[in-house]
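Coming up, as structure tokens: structure 1 and structure 2, two forms of one and the same protein chain.
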Structure 1
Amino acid sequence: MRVSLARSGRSFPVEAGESLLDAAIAAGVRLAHGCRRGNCGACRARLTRGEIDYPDGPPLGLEPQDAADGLILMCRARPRGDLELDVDELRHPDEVAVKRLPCRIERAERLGREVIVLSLRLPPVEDLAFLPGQYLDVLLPQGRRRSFSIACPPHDARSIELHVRYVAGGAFTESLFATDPTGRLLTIEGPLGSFRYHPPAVGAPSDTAPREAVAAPEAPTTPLLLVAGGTGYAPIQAILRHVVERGARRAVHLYFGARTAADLYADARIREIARRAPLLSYVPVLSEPAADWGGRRGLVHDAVLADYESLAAFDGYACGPPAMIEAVCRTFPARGLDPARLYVDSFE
């Protein structure tokens, strides 16, 4: 069976039972997507010819009205025969090729109560080009895969850093936490996902210019609001380090939400980054703090709302569990944050 793309005229093969998105990725065709689980709606396309099935039932990320208008979610849709889709391929020069690579866990550091920071060593001749904020999949037996955000910035990716939270009974994470995984071989596929850092618009002072160039005085540029929940800090760290370590003159307001102080696993790392970044302000927020916690309490998005009457000035990035992302998407635009400048990644 083949899938044809009406706009570009390209086509690619798809197996029975294979999702349209997986088939596109396998063929090197780059299409926008996010969660790959039918939740985020990022992989929407219009079906202009042919028929599809959703073997797991109608996906949550597709509104009934969109489905009635002929839109489908490519990550869940399986073909019944040849198809034609009306969807744009990603052609931005920044977009990077998806690779499948073997790698070795060269370091596994326990941080906080239930997070392991993994450093993955790629084969010497290989590298992984990605954009700050993207994720990769760890491929498991029987075709299963687990997604993890890349926590290092592209300029420091000799080893790929991942932040893995323990999930009780989890097929992948239980084995990671049971014994020291150092030396273990993994297969990864990436980079994936449309969540990524967006440099300031053309005409605004660039934060991707060489360090020497940005040393000159600059007009102020849009401040960044970064909101992380739990290991949702991983892609936020990639963005934070990308901005700060490339010498950008961009104010960054980082909020990191966790349940208890022991869950603020990246606190020391953030404070270390903040020492070198005078334009970074950092607010840790605990939802279930001990009595002696002297910092902010409550839900992380509520702390942001308490601190800013208006969010209109910001570019916003948020990553974390679905409930946090839902709250951010509901409340931040109501406080003036332009939805087109609010980028979110949900760990569905």
Structure 2
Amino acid sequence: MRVSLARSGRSFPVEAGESLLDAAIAAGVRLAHGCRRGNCGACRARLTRGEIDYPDGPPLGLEPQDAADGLILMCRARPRGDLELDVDELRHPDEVAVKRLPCRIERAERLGREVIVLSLRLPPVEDLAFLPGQYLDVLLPQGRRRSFSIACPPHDARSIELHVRYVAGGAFTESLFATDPTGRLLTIEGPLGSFRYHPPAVGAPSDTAPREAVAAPEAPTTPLLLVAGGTGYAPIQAILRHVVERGARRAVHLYFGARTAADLYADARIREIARRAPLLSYVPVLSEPAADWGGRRGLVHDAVLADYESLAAFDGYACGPPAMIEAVCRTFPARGLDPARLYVDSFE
């Protein structure tokens, strides 16, 4: 079976049972995408010819009206035969190549109850260029993949950092938490995803170098609003460190949501960054706090709305579970944040 792209005239093969997005990535076709689980809606395309199925049921990120208008989510769609899509290919000047690389777990650090921070060491002759906010896939036997956001910035990628949350019965996480995984060999593929930091348009240094030195400071510009839920903090950390450590004079407002204080696994790390970044304000928010919690309570997006009558001044980045991202996308533009300046990444 083949998929044709109406706008570019390109085509690529797709195997039975393979998603349209996976087939495109395997063929080197760059299409916008995010969570790859049908939640964020970033991989929408219009089906202009042919038929598809959703083996796991209609994806959450596609509204019924969108489906009625012929839109599909490529990450969940499987073709019934040859088809044609109306969708733009990504052709950013700062695109970076997707690589498949071996690596070794150099260090594994438990943070909180359910999170391990992995440091992956690449072979000496290899590197991985990426943009702050992107993710990679860990390749498992039988063609399985597990996606994890890259938590380090490009200029500090000697070891690739991942934040891995424990999933009971998980094919990858069970073994990580059961025994010390230090020294374990993995195969990764990346970078992937269109969620990334967008620097100021005028006079901003490039973000593409994997080993770049600290660049000249950016001019004072639009403040950043960063919102993280759970291990959705991983790509937010990459963006935060990228901005802070490159000397950008951007005010950064970071909100980190979790259930309990024990789930604020990156709290100490964030406070250490804040000590070096006078323009960073940090607000942890707990949805199920203990009685002695003296900080903010409730849902993290509600804390943002309570603090700002208008969000029109911000560039916004949010990463977390689908319910959080849905609430952010619904309420932040209503409070004035330009949807074109709101970048989100949803995961399960």
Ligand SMILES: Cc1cc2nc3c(=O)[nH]c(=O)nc-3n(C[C@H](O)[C@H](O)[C@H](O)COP(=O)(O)OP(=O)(O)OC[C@H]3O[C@@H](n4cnc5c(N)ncnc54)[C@H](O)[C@@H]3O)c2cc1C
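Only the largest set of C-alpha atoms that superpose within 1.5 Å between the two forms is called the rigid core. Note that the structure is predicted; figures quoted are calculated from it, not measured. Numbers given to residues start at 1 and step along the sequence of structure 1.
- Source of structure 2: the form predicted on its own.
- Core-superposed comparison between structure 1 and structure 2: the C-alpha position of residue 126 differs by less than 2 Å.
- Residue 10 shows a C-alpha shift of 2 Å or greater between structure 1 and structure 2 [criterion: core-superposed Cα displacement of 2 Å].
- The rigid-core alignment places the CA of residue 115 less than 2 Å apart between structure 1 and structure 2.
- Core fit done between structure 1 and structure 2; CA of residue 29 shifted by 3.4 Å.
- Here the two forms are laid over each other by their core, and the C-alpha of residue 59 is off by 4.8 Å between structure 1 and structure 2.
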